[in-house]
Ligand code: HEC
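One chain comes next, on its own, written out as structure tokens in the form predicted alone.
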Amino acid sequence: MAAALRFCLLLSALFVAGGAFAAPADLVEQGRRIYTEGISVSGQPLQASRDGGAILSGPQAACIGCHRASGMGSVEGSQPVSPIGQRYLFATVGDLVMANMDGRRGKTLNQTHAPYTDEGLAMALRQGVGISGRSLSTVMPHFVLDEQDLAAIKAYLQQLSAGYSPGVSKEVIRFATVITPDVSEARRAVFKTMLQSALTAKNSSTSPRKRYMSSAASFATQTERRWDVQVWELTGEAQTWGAQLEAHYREWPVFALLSGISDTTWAPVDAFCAAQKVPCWFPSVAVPTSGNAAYGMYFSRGVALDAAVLASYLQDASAETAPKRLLQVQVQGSGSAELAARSFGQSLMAKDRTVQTITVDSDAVKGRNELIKALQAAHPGDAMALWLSAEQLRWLDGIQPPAGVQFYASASLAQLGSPQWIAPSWKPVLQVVYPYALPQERQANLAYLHSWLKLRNIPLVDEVLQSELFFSLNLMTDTLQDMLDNLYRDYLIERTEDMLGRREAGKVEQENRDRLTLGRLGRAAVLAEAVNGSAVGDAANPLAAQQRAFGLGESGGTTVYPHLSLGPTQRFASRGAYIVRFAAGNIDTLAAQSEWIVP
């Protein structure tokens, strides 16, 4: 009895329903270990069981597995797992709190019970009985918890998602975007122009007392916010970027880094995001991260993916086309090229193959001369990977490619999203690892982007970059609308993991419907012009009206990538690439040499 009284007094001291809460840091930490690791206060593995007799222990019993890091819940099969953060367990009756665990079911009010008391929480965790007296879902484990464990998990839940993440207020959500010093002026300028145009359009529809009603739920909870976005343009060497980012962040705490652009390394930015727990949201980078990208969300692994795809392609080649020797050329001091070469070598090593690496100087004159020597060392039947940037590929101009050698380049490294400058003598022989939708397939996918650019008089400078930025901004808009007022960084990542694949499928379906409707309207307009005697040149072929504005055919995606999807702990939305080459008879068109390869 005395022990039970002490437990109740402890919880009473910690708990004030719906009000301010503060618990000792060590108690919260003990609760965190129970929640995220399945380790009880005693240090032993947490024990639990489910209806039906399933026994859970340690990490299997950790709350995070179902309720996620944010505490905002998930879906287990067809069963929604409810939020258990502070606002959902302990909010006072009448508080309007809403969440969207399952995008297929819509947004629902979740505060349908009285605030949990200490006794109610103990009953729910130990016996699976909610505060209303009804049994909870059968997926909810029954935990073996002593009084210390209960006090610790209570303390942790009382602070879990209890307030907005940094960078968020009732009216404004703050972002930053990062540009590293290696980015060319042309790419930098179009990136900033697009960002500013999109931001102006977004904020023009969102203002205090007159919010854009994206859904009934967002209107009811008044969750639309104005965006403030700063551009953090880094300077100097990469080893100084971390300190620059920390200084920016001290002055301007942000909810997330929104897009971004780099042509060399992004690892210092990714490390900053991991340290500050700031989501890094789909930047345009060739080398995303050197770690596990805990808070990074990326389009792909960049040049590391290209290298792995090439290794897989060469390893799986038939006996007739398999290369005798494997060689690769990297440029000294190029982090991107060195990463590609390292990834290529490691991938081949795993397949019991070796590759000879040749390093050339970064100086254009010296590097070109050394590249000539490297090419002379190749023999018929060899395969050589040229890990060269767009500018370094120009070194090939005037050099005759050795006969009988297979040559490969990386589209991510050389920014070859569309056929760009390559020496004419190399176009018939150079093959490219290509992580994008084939150019002829992208017309429908990117019709909305091209129309958006035309309406704003923004030039098409780099289709891959501009497609990535356009997607990043639109996805953030959609995800924030889905999150409603639950603006927690972990939840941003969780919602993206859960919804990206479904969102892409829905967007494709909607855009195809729109394109069909607009195409019909376009054809009708052309026919009307013909009837009125003011026919345009394609009046005899009204299908051309659709192509003029929105492209022909159905889209298979909304980006430059053919496949985008995520899942829990996945950080790279596209995980494959084609091998392409310039088509015979039309050296400005790329043709696939392989199926989509996922290494």
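One rule holds for the numbers: they count along the sequence shown, beginning at 1. All of these numbers come straight from a predicted model, not from anything done at the bench.
From this point on, the text means the form predicted in complex with heme C (HEC), which you will not see here.
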Would Cys66 show up as a contact with heme C (HEC) in the predicted bound form if we use heavy atoms at 4.5 Å?
yes
Using the partner position in the predicted bound form, report whether Tyr116 sits within 4.5 Å of heme C (HEC), counting heavy atoms only.
yes
Does heme C (HEC) get within 4.5 angstroms of any non-hydrogen atom of Leu195 in the predicted bound form?
no
Contact flag, Thr240 vs heme C (HEC) in the predicted bound form, heavy atom cut 4.5 Å
no
So which of 400-408, 284-292, 300-308, 131-139 is the stretch with heavy atoms within 4.5 Å of heme C (HEC) in the predicted bound form?
131-139
Since exactly one of Leu314, Leu157, Leu416, Leu388 fits, which has a heavy atom within 4.5 Å of heme C (HEC) in the predicted bound form?
Leu157
Pick from Leu430, Val360, Leu257, Ile84: which residue has any heavy atom within 4.5 angstroms of heme C (HEC) in the predicted bound form?
Ile84
